[in-house]
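Here you get one chain, nothing else, as structure tokens; it is the form predicted alone.
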Amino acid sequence: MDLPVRRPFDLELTLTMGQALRWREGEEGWYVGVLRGHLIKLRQTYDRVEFRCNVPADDARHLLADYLRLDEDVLPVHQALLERSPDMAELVERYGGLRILRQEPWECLITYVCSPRNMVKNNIRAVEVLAAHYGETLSLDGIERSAFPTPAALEASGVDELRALWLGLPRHAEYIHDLAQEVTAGFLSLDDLRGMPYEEAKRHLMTCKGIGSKVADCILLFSCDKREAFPIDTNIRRALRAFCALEGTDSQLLERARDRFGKQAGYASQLLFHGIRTIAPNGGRTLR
């Protein structure tokens, strides 16, 4: 079973550059992951994405088209970005096949709440440990993975039990449990965030424990269709300086980046994030 894609499209780059943490490379070019409670295998063959899934094919097609944004034409995004910032040309040329995933908001929320002061490998471990302990077991082609747990499952676990899983910092367990309570009680509606203006949605998220500016922007960009969100971390600070000659405090950089890139700020942030980790601006040498 497969799906057509609009080129440029790079499945490997999209799945492995750090937006989502639960995709694993398998044999023969397959990537294995769990998406909205379904175990899925994907691989790209030029202008198509081949897939296998433990749900009916038509359901999987709709799910994957939405997740990978296969209905979107990325070329107008490139054009708009280059008109506002010609210095992004090298990154667009090299990594134009990158797509911003449309992730499930709850899993995205918990993934990024666990990220501050947590190494990527530890953050991956935290997400997988939560799934293994509280998620449903899924099977496909002899592979077993666990679905990401529901808010109700994590609320029922209790803070002490979550803390014993060593999810990163001790306070990560507290944040996870608090957020599970907020969602199950209806105080935090993740689906409603998509309908809010960007600034309102960000303010709303930042009222929750454990969610600062960067984490809020990650959640909004990767799961709530807020293309203007611009997460800032150490890599982005370096990239803005190296590729765009922009410096300042995080609040200044956020304002300057959104002014520079406009509605494509989120897409620009991911090109910058990948670029600063893989190429140097002086001739394309690998950064160490």
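Numbers for residues come from their place in the sequence shown, where the first is 1. The structure presented is a predicted model; accordingly, all values stated were derived computationally and were not measured.
This next part talks about the form predicted together with the DNA, which is not shown.
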Item to complete: Report the stretch among 72-80, 119-127, 91-99, 135-143 that approaches the DNA in the model of the complex to within 4.5 Å, counting heavy atoms only.
Response: 119-127
Response to the item:
Picking from Ser189, Thr150, Ser213, Gln181, the single residue whose non-hydrogen atoms come within 4.5 angstroms of the DNA in the model of the complex is Ser213
Worksheet item: Which residue among Arg84, His204, Arg163, Arg194 has a heavy atom within 4.5 angstroms of the DNA in the model of the complex?
Response: Arg163
Worksheet item: Taking heavy atoms and a 4.5 Å cut-off, does Gly168 contact the DNA in the model of the complex?
Response: yes
Worksheet item: Any of the heavy atoms of Asn54 lying within 4.5 Å of the DNA in the model of the complex?
Response: no
Worksheet item: Taking heavy atoms and a 4.5 Å cut-off, does Phe9 contact the DNA in the model of the complex?
Response: no
Worksheet item: Can any non-hydrogen atom of Met17 be found within 4.5 angstroms of the DNA in the model of the complex?
Response: yes
